[in-house]
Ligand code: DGL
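A lone chain, given as C-alpha cells: the form predicted on its own.
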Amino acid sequence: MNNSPVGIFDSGIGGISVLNECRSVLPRENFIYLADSENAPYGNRSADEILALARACANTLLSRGVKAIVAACNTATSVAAAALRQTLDVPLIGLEPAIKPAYEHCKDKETLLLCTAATSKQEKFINLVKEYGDMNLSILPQKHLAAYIEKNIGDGNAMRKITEEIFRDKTHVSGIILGCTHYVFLKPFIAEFFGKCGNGGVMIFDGNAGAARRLKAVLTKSDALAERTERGAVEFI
C-alpha cells in the first residue's frame, strides 16, 4: 500500500476530464493536477519543446512525491512518453486516441479522428493508425481547437459554434474519436449537434477511461493502492 499522491499533468484544463475519470475509478487516491496553462497548447509546438515541457511537468510532480504520473495529454504522450519512461523512477501512464474501441464498434462505418497537429505527425500515432488500416477512418488535425477550448470552456455558445463549424458537412458519420483531452469538453455539444441533424446514434470515443483503468492496473500490480478509507483529495498546481 502507498498513500502518496498520483500526479497528472496537461497543457491546461484538458486533463481535468482525465482526472475526473481517474477519481471515479480510484476514489481513495490523492491526486495532484498540474495545468501548464502558461505554455498551452502543446499541439502547435515542436517535438523538442513538447519534450522539454513534459519533462518539466514530470519533474515538478516528482518533487511533490508522487507515486505515478499520468500524462493527460495525447500530444505529450505521443512526443515525450517513451523518452520520459527512460529516466523516471515511477510509472508513467499516457493517453492514446481510442482507435481500438472505435474500430470494434465502427470498423466498416465512416469515423472521424480529431487530434492536434503535433500528434498527427508522430510516428507512434501513425503506426497506431496503420494498425487499424482497414478501418474507414479520416484524420482531422486541429491547429487551434485546444487553445479555443481552453479560452472558451465556460461559454456554451462559443463551444456550440466551434462544434457546428467542425462537423457542419460531416453529419453522416457513425463515429468520432476525440484525440485530445481538451476536445472531450465538446462531447455534450457534439451529441446535441448530431441529435439535431437526425444522427443521434453517432458514437463518441476518447481515451480517458482506458488511461484510468491502466493507472489502476499499474498501482494494483505494484501493491501501491492507497489504504485510506475516505475519498481522496485533489491539489491543483
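From a predicted model like this one, the values you see are computed outputs, not experimental measurements. Throughout, we count residues from 1 along the sequence that is shown.
Below, we turn to the form predicted together with this ligand, even though it does not appear here.
This ligand in the predicted complex is not approached by residue 175, whose heavy atoms all lie more than 4.5 angstroms from it. None of the heavy atoms of residue 207 is located within 4.5 Å of this ligand in the predicted complex.
By the criterion of a heavy atom within 4.5 Å, residue 79 is excluded from the residues contacting this ligand in the predicted complex. Contact check for residue 180: a heavy atom falls within 4.5 Å of this ligand in the predicted complex. Comment: 68-76 is the region of 99-107, 132-140, 68-76, 81-89 lying near this ligand in the predicted complex, near meaning a non-hydrogen atom within 4.5 Å. Of all the residues from 30-55, those having a non-hydrogen atom no more than 4.5 Å from this ligand in the predicted complex are 41, 42, 43.
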